[in-house]
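This document opens with one chain alone, in structure tokens, the form predicted on its own.
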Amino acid sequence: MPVDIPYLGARTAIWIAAQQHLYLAAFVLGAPLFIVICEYLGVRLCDARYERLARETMKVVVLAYSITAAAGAAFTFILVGAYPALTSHLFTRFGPVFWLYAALILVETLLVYAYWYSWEPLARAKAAHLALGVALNVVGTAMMFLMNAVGAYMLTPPAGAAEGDLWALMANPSWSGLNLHRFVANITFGGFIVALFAAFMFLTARDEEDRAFYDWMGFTGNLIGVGTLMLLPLAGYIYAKELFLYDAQIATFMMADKLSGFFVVQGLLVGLIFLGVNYYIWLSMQRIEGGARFLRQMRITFAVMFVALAIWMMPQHFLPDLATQPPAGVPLTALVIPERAAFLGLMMAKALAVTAMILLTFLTYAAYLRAQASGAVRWGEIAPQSQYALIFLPAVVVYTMGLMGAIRELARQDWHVYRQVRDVSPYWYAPTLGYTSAVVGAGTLLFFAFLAFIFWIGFKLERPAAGEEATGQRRKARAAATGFAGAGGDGK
């Protein structure tokens, strides 16, 4: 007998639990990819900053790992209790996948802790330590692919799914596109969360050396996030094409019917991400000697971006769905884009708009590199607004991720598994955009509360004496290097 969840309802409860698990899992899977790369660069370039970046980020991953498991357990319990028919169907069809996934969880757990706790013991055997990191990433990616197979099957079950074998169910029409999109998105997500952590540490740092490092770390994390962000629209188009080829009804429901308004909000959110990224880079130029002379192009950049954002947000009509009729006395022409501007609501115009944003972002980074080549970078000497931008960007990224996940799930309409298992619960219908926005917003705030707890526990809940001792040691080292020391050996 299915059980409901008091106050929230089964759908909202499982929605929030799934969001938290996916947010945390995206970070736990995405961050180690560039942690290993940064550790390698630290060895290759003999730059201790990359080593410190990798190690501090891995500390956050280790702290987030247990919360990720707890969120996954909560999601599983709610799913089994509230949707037993769906659970039975999935476990019957994908039993070996779930058993393999459970085994890989154990392997991943061992690798996470082995990689973290062997950092010092393997300091002189970096090849072995990097091999552990690579193994961790391989296992994590395999786990993601396994669960993507189940998620993709729920939306695009293959023809003859009732008689199909396990591989046919896994290699369903949208599995490859979902794998590509989530793989790129996880790296993007991890990069922006690293930038968020760096901004938190920068704003609370009391030592100039720490401020300089966390300024550099925030820039590096943001660079990784932006670099992969530019690939996401292409990955999204590939995934959308697979859905459109699978069933035109899904495409119509998403783009022109009940979920069309969701994509208008998605356009706004993605536009805000690109605006925030460019704002941060233009602020970053001010920490470069002579970089202010490049700021004259900033107004042009933002003007074009605002126009592109307006085009991206332009809907084809202002009706909530295709079945809704205009209110009495209101002609249909008043709720539809005029014919002379109808092309602005088409995908071609929106593709050109996002392409313009990507190109402008690329040119902004090119201007930054040109400024960097002509002047020294004064790390740590940057306006606080830049760190607020690094906090704003992950917030929008997390919210966008939650909204797009809701769109993918709601595209099944009144099916748990599209045209295979019907949703007969009281929550079979697609919620409104307002309700969806509220649930995604609540999930975003909850995720940020988890992150704040992780950052506080991992890096701020320390004995003051230990922090003062570490600061004193750094000052003594600088004093010894420069030949100046004050009373008591405290370098000035």
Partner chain sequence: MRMAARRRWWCDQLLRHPLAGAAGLLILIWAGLPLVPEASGLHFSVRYRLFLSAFAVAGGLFFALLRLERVPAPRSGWGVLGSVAAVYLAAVGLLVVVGSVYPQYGLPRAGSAVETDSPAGRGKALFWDPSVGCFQCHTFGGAGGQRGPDLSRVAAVAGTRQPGVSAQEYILGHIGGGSSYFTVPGYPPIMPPFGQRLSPEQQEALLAFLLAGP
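Positions refer to the first chain, counted from 1. Every value quoted in this text rests on a predicted model; they were computed, and no experiment measured them.
Below, we refer to the form predicted together with its partner chain, which is not included among the displayed structures.
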item	value
Contact label in the predicted bound form: Pro431 to its partner chain, heavy atom within 4.5 Å	yes
Phe244, heavy atom within 4.5 angstroms of its partner chain in the predicted bound form	yes
Non-hydrogen atom contact Ser437 with its partner chain in the predicted bound form at 4.5 angstroms	yes
Contact label in the predicted bound form: Thr333 to its partner chain, heavy atom within 4.5 Å	yes
Contact segment among 266 to 274, 106 to 114, 77 to 85, 165 to 173, judged by heavy atoms lying within 4.5 Å of its partner chain in the predicted bound form	266 to 274
Complete contact of Gly261, Glu339 and Glu381 with its partner chain in the predicted bound form (any heavy atom, 4.5 Å)	yes
Residue (of Glu289, Glu409, Asp207, Asp414) lying close to its partner chain in the predicted bound form, criterion heavy atoms within 4.5 Å	Asp414
Residue (of Tyr365, Phe213, Phe200, Phe145) lying close to its partner chain in the predicted bound form, criterion heavy atoms within 4.5 Å	Phe200
Residues of stretch 379 to 396 in contact with its partner chain in the predicted bound form (4.5 Å, non-hydrogen atom)	Glu381, Ile382, Ala383, Pro384, Gln385, Tyr388, Ile391, Phe392, Pro394, Ala395
